[in-house]
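Next come structure tokens for two forms of one protein chain, structure 1 first, structure 2 second.
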Structure 1
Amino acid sequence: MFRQTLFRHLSRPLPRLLSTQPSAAFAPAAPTSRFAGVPQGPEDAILGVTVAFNADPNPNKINLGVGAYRDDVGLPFVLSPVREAERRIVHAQHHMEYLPVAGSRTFVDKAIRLAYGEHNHHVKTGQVASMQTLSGTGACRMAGVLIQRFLPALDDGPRDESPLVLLPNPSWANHAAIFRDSGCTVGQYKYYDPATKSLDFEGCVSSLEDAPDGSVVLLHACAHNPTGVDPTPEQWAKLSAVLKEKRHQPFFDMAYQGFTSGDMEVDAASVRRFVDDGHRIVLAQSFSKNFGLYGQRVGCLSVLTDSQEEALAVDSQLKIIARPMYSNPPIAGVRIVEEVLSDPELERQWRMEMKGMAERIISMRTMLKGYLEELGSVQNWDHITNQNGMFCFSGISKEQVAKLRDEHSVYLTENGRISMAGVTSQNVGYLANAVHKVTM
């Protein structure tokens, strides 16, 4: 009886407790995130090249976009003295305490001596304000903020507008964003001539002479990125004279010291020329390329001043800028640099292997040009061997870059910049054949 009653009760239609129409109380909630309106940003150009390369199944594919050294089989290369320094550091079981805001003094002292010279008078007398930075990018950003806050007008009075930073046209893609985000106004000066694939020196001088007096002029110390086109020693001397006459502020970005010619002293010649000519330079240094410490973010910023007192004041302001930005720099990479540069034998090995990296890239330039000539290319490829450093500004058009990618699985940035570090003795023939076909 109970079971029948229960069955009849359960068989009755259930009351309509829930409406099929949403009530106001149960309507979808409005977005609560304050960032709901943030637009999707564009993908980084070089990252996009790598993503496309990784998705390509072609076994002959070549990635010439990334600005990182590869050995002759196309693999990342760690220098043997860096590995030995790393081993020693692990064995020593150092503490993991914070570095000071300005970083490791030992590292910074060694870094500025590599740039200015071991026996530079200004370094010895304490006239160089300096600090460890998050590689060259961080050095540029720190300098940009320092310039925005403290660079005075030429009469030493207050500025009416943000300082003007002039970049060569073209320059490293990140430079403009770094200085804009630092609060500076960014302009350009003539540098590269696409017709000759070389330096437009007359245009360069003319545009610097026409620029407002007292502008900040960014100079690539060696291995100009992206063109690989550097001034000759005589041209550097002329540029030094022009900047002095116009009272421009020289700002050197030196990302490839030792990696360009294979000689640290040769690659620092432009910086030392300007210092010897009496300029009070700003200098950003990176140790990503010459030590192969890409992921360690090891860099240095220095400002040459007139006195020890001025250097101390600049040092104090750099620490004030850094403290709320990242508090203090990382410790692992600088320990490696310190270990190498504190041991004469490790330093000798480092200089030798760095020279070997530079020479491999130089040899790839020669081989690529030679293969193109053997294939009967009617184009003039002299610029491949005339340019310096990691990059070759090939002169290949955007449309030809697309053909290289789509028809030959050769990947490079749209502006035709080739990372010569990605060229090997195994793939240079394939590359030359592909370039020849799209440029016929």
Structure 2
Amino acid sequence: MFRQTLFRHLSRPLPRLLSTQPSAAFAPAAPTSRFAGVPQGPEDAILGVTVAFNADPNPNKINLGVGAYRDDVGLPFVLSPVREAERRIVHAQHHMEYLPVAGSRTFVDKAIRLAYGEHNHHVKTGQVASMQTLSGTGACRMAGVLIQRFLPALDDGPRDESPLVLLPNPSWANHAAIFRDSGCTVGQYKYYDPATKSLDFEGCVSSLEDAPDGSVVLLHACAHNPTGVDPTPEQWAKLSAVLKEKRHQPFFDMAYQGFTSGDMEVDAASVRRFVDDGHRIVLAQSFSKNFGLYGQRVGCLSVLTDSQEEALAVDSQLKIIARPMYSNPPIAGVRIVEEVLSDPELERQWRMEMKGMAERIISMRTMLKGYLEELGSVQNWDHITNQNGMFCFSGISKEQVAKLRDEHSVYLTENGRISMAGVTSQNVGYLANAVHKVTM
């Protein structure tokens, strides 16, 4: 064997180093990489906006693409209790060992209490399967795989097909990719009416009624992304009844708890209503926005079950899903949340500053609408102040978005979504002027 290999090597022609003929070594190289055929993919619909924004030299440029909160001078904002927690953590000189696969138990316990409330029966009796996740995205992805692997057919028998996950139309741009990559089939239900720039509640109910029984229905707990349009408490009650009737599986994505009303408890009302109505919900929580921990990747997935045994079984499978994907989650961000939520004074400050963020966004809505009216815009801009949370679904067309970018260096996602969290009292006048010009 060795002799044969040696022979093959020796019998190769020697390179013609001294020859005057062009050598094969200088001819255009045949691709050697196995990835040479990989096609160029498009930039992400949301994060790609930041890439374009960063490349723009205009000093007046405004990034209203990604939903990242800015203070009133347009800078990234770190909440003061978060800074204080960080200081204490550095001072404590903690170890940096691995967390368990399911993450920090202390953090997860605090996270689920924030969502379900202090006195929830399921939480108190250990009937909630839960884990720390790579923020809200990771929670959705873990849920997608759990659903794909384990959601049974309605008669509890094996499924013939991949589970159907219904998203509101429209939804966060990443939802479809997350559930599709998890192996689920993605569908839509009616949600937003572009004519009224508000909820198409009748359409929503009827499309959920017409969907196959036992579908998974993704609901935005509050501050719907991208529309800023949430159901009223009465509408939530009706949706809860429809989902019950149809035996749909509710999946709540709660990425903006606190951003609709400024109050964490008020914004959890939809989730708590469904739980009180007896739904066994699946819930993804993100701490990116309400704690301002974007890059720390802090999130939680929970699954409400019927018993402790069931919760333990689901927990075990969540760990089996996570271990080969990323092994265990990061430790730094959860320590911050734990520190803040373990100190009543830091928690009080956090709730107050969280409310401050929500209020600043609301005041920017009023200012933007006011400026547009002052400029003499003939359009109706009531939806700017009627919509909730971080985003305004402006109704600005794709062509107008391109004009805003090319002529004014104002960056939004193509669907006309404005991240109100990036509007400040300094740039709102410039923004209103630009919006007015492209919508005249």
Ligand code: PLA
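Quick note, the numbers are simply positions in structure 1, starting from 1. None of these values were measured; they are calculated from a predicted model. Just so we're on the same page, rigid core means the largest C-alpha set that superposes within 1.5 Å between forms.
Shown second, as structure 2, is the form predicted together with the ligand. Once both forms are fitted on their core, the CA shift for Gly41 between structures 1 and 2 remains under 2 Å. Here the two forms are laid over each other by their core, and the C-alpha of Pro59 is off by 2.5 Å between structures 1 and 2.
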